[in-house]
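In the structure tokens that follow, the same protein chain appears in two forms, which are kept apart as structure 1 and structure 2.
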Structure 1
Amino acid sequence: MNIAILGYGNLGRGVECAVKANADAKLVGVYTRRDPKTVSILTQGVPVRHVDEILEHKDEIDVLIICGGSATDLPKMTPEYAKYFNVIDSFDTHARIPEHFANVDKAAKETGHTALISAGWDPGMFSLNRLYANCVLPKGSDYTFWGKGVSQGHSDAIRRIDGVKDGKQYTIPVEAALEKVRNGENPTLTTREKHTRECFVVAEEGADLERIEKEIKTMPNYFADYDTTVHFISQEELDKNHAGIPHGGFVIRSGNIGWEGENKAIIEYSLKLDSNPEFTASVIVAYARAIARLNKEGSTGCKTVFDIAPAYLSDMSAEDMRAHLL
């Protein structure tokens, strides 16, 4: 399958790495809104072009992976490019998924393309695990914990504060809450009881640290509902110890089985990722295989991970899968 990447930030670079790891995938182009001369990629011999040229290369591309932001990029880009390409995005604004799905579905169906929205791990692998666990255990409670990992949105929020030069925020699940859930206690957990937030902040010289700390800890939505710790560190320390983008989390369903629900069953799915964007990209490329196949079979329109049989993700034959993985 011939893959093209639209947008070359952390996620685009992750897709490039994931394409390399899949023998049946080939990167045929990287498209950017920047001046292509300023973008240097890892793969030798693959062209970097301005996005305005993409339609000229339409026939080379089996699947276009759109690596844009969910706030403003993807709601426009995915429906637009679904008119010309099979597309995948990682749209992650949960509340706006129905609207985004409808727009992409319409564009893809009208033009005979196949699209997948919201691929990655949440939404994505976590959603799949929520669905499977809910089907298997109709009586039960769902828990999702995130972290330990870097939240881009919260790090951005810190950096917008006056007097802050740089900063990074880690979301950390509360171990005691996790243990209660794993023990089948089905606790009702407040926001504060589920996660803590840890901030590493580089302040500008002479800035009022007390004010900055207070502004962070009382910021509505982002920090006010959490137990938040703030550490002021130097830029050198931040660059040295907090350069990565790790993340992960836990999806747990705690259910009851048996005639009167007298027995417990706990299903837990967890991820521990050194690189959030590289893992998200790995999921996307596995689904690119599925999308290329579904399009060849004539199955068009917008899909989600719920609609795609697992076998479509693999480059193994059905016989090999049954013999070696079942």
Structure 2
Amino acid sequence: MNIAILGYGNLGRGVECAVKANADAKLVGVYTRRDPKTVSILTQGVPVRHVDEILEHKDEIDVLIICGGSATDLPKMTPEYAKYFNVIDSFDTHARIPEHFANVDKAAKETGHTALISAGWDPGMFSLNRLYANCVLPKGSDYTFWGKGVSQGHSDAIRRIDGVKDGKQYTIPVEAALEKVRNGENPTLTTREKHTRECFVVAEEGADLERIEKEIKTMPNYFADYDTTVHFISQEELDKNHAGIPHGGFVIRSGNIGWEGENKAIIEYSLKLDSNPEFTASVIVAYARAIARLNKEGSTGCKTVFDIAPAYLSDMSAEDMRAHLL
């Protein structure tokens, strides 16, 4: 499959690495809103072009992976490019997924393309595990904990605030809540009781720090429902102490089995990631394979991870999957 990347930040670089790891994938182009001469990629011989040139190369691209931010980029970019390409994104604003799906679905169906939104680990792999666990344990409770780690979407949202030069946001599980869930206590937890958020912000010189902090703490869908701490630090300190992008988390379903529900069952899926964007990119490339296959079969419109059979993700034959993985 011929893959093109739109947007060459942390996620775009991760996609480039993931393409290298998949023998059936080939990177055919990187497209950027910046001056292409200022963008240096890892793969030799692959052109870097300005995004304005992308439609000139649409016949070369099986799947366009859109590596923009969920706050402002993807709601516009994914529906627009679904008119011309099979596309996939990592849209992660959970509250707006139904709206985003509808917009992308309409654009893709009108032009005979196939799209997939919200690929990654949450939404994505965590979403699948929530669904599987609900099916297996119909009587139970779901719990998702993220972190400790850097959220790319939340960090991007911070950086888009006027007066912010740079920033990182860490999501941190509340240990007491996590322990209650693992003990099978099935607690009822508010959003605020499950996680805290910690922000490290580099402000522009002369910026109104009080306004920036207020905008962060009151931002809907991102920080308003959490206990959030904001630290203003220098660029040097951010670069030294917060250069990595680790993340991870847990999906847990605690349920009851047996005739009277007398026995407990706890399903837990966890991730520990040195690089959030590189793992997200690895998931995206696997789903790009599925999108390319589905489009060849004539299936159009927008999909989510719930719609994709597992076999479509693999480059193994059905025989090999049955022999080695089943």
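Heads up, when I say rigid core I mean the largest set of C-alphas that superpose within 1.5 Å between the two forms. Please note that residue numbering is based on structure 1, beginning with 1 at the start of its sequence. It should be emphasised that the depicted structure is a prediction, and the values quoted were computed from it without experimental measurement.
- In this comparison the chain labelled structure 1 is the form predicted together with another copy of the chain, and the other chain is not.
- Superimposing on the larger rigid part's C-alpha atoms between the two structures leaves the smaller part rotated by 29 degrees.
- Aligning the rigid core leaves the CA of E175 displaced by 3.8 Å between the two structures.
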